Every structure is written in C-alpha cells, then in structure tokens.
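First, one chain by itself: the form predicted alone, in structure tokens.
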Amino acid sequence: MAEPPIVIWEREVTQLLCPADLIPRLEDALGKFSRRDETEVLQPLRTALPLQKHGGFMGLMPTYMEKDGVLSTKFVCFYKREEGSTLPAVQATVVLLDPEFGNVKAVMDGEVITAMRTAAVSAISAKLLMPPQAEVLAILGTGKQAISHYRVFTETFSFKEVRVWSRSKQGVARFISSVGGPVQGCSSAEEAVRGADVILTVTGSTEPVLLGQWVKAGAHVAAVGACRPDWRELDDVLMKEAVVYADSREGATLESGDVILSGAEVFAELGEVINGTKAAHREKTTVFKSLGMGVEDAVSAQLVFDRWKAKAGKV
C-alpha cells in the first residue's frame, strides 16, 4: 500500500530550494525540452480554464520525464487584480506522483516553486544573453515575482546598481523594505530603465509598460508578466527591434500577447542556446519571453522532494 502523500508548504519549500542548486537543474531541463525527445520530457501545452466571474484563469501544467522517473502537475490560478487589491494575483499547488503506481507522493506550495523557478530561468536567460560586464539592473514591478527575481539576480550576478519602479509609491516602499538590500526606487518606468543593462518586467499589466525607445542598444530584457494572448508588457518597437527568445516557442506563439500582437518572430528557445543549436546574440538587444513550463515545476518539485527525504533521513 502506498504511503500517504507528504505535504511540504511555504516555509519548508523556501528552505529546501536555493538558486545555486536549482539553476543547473533547470538548464538541464530546458535543454532536454528543446531536444523534443518524449522519453526525456513529455509536456503538453498548458490548459487554461477561464474563471470569468473572478477575472482569472486556472492553468493545468502536467509533465512526465520518463528517463528521470518524474511525474508532476501544477494547478495555478492567476488573476488580473485591481490596483491596491488585497487578493492574491497567483495561487499555485504542485503535485508530485509516482509514475509507476500513479499515487500522489507529495503536495507542495506552488507559489514558492513558481517564484523561484521563474526567477532562476530569467537568470539563465541573462547568463546566456546579457551584455558582458552588465552593471545596472532595472525591475519593473514590486510583487512576489519582483522580490524573487531581485534575490536570485543579486545572488547570481554582481550588479553595481539596482533600480525598481511600480505604479504606486507604496509598492516601491514595500519592495525596498522587503528585500533589505541596496536598491534605488524610481518615479517612472523610463527613469528605471534608461541605461540599464538588464531589465526585468514582472508586472500584472495588460498594456505595455516598457517602450523600446527607452531601452539602450544591447540590453537584455526578461519579460515575465503578460501570460495571456491579449496581455502585454512590451511595445511593438522593442519586440520588433530585439532578438526574441522564449522558454517554449509553441507557448510563446499561442499564449504571449507580446509576441502575438507585435507579430515578432521567436528566434530561439533557451534550451536551443543551451544545446548549442542556436546562437546567443549578446551583442544585440535581446528579449526573453518567459511563460513558464511544467518541466520547470517538475524538476523543482523533485529537488524539494529529494532534499526533504534527505533531511528526514529517508534516503
């Protein structure tokens, strides 16, 4: 008889995940995904169920990694909230299953996993695509994803200056208080991004907040928000001038308003750059359109589970 599933929630997941261990596993997973070998990664496009009454969607993100023996799915609900709303914009749960027996092995806090793996993948994009000697980091947005990106990027890279902007001064103040590190609050998005080497857009916006005319040539942009076909963070100028990368080409062309509405072409997946089949154009302005994938949740959840077992003395 299968043992009852373990439950690993927010604080413990946070303790068991760290960027230094997660980033190499995600690089390996992205490379496997882009090889399109179904024995390595079998992952259908995310299913989205509209929650019209509440202005949101529920996404279902299953993944099977046959060679690694990993089977998981994430349930994620995300919403377009009004400014100042106290309701969460995202709620997520990750379930890890035994692929042979089909029983649930673990249920985990998906918000921590989502925040950490998303920031780690953005860091991988910067590692591959940002200009050499990048010194200035700009963050547009001040929510949970902005905080996780700040922490992962400042742990992974050495920026001389970090700037942040939000539509509300209160959001900027909360962010600065939360991160407890060196960061400059800006009064406008333009002020934040002018001259920046790396720009992170982690907003809930449905209209462009980053304009191409503000972005210096050769900068790298990781666009994390706007996960629906009619939502945008980046304008046409930026999307058409930049070399565009994605985690999943299919996901970007079907789910990303930044890609769909601008008519921009996705040049490559990050996994293709990792595998050496596509070039990393560091000398050009680059955009990484992040949508998130089930395989990223799967390897993150497996890492949490393995660490939990080792800590509990079950390995």
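A quick note: this is a predicted structure, and the numbers were derived from the prediction, not measured. Numbers for residues come from their place in the sequence shown, where the first is 1.
The following text describes the form predicted together with a small molecule, which does not appear among the structures shown.
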Select from the listed residues A219, V76, L137, L96 the one whose heavy atoms reach within 4.5 Å of the small molecule in the predicted bound form.
-> V76
For C227, is any heavy atom within 4.5 Å of the small molecule in the predicted bound form, or not?
-> yes
Would K32 sit within 4.5 Å of the small molecule in the predicted bound form, counting heavy atoms only?
-> no
If you check in the predicted bound form, is V299 within 4.5 Å of the small molecule, heavy atoms only?
-> no
Partner contact for M293 in the predicted bound form: the small molecule, 4.5 angstroms, heavy atom = yes
Thinking of the small molecule in the predicted bound form, which stretch from 234-242, 111-119, 97-105, 153-161 has heavy atoms inside 4.5 Å of it?
-> 111-119
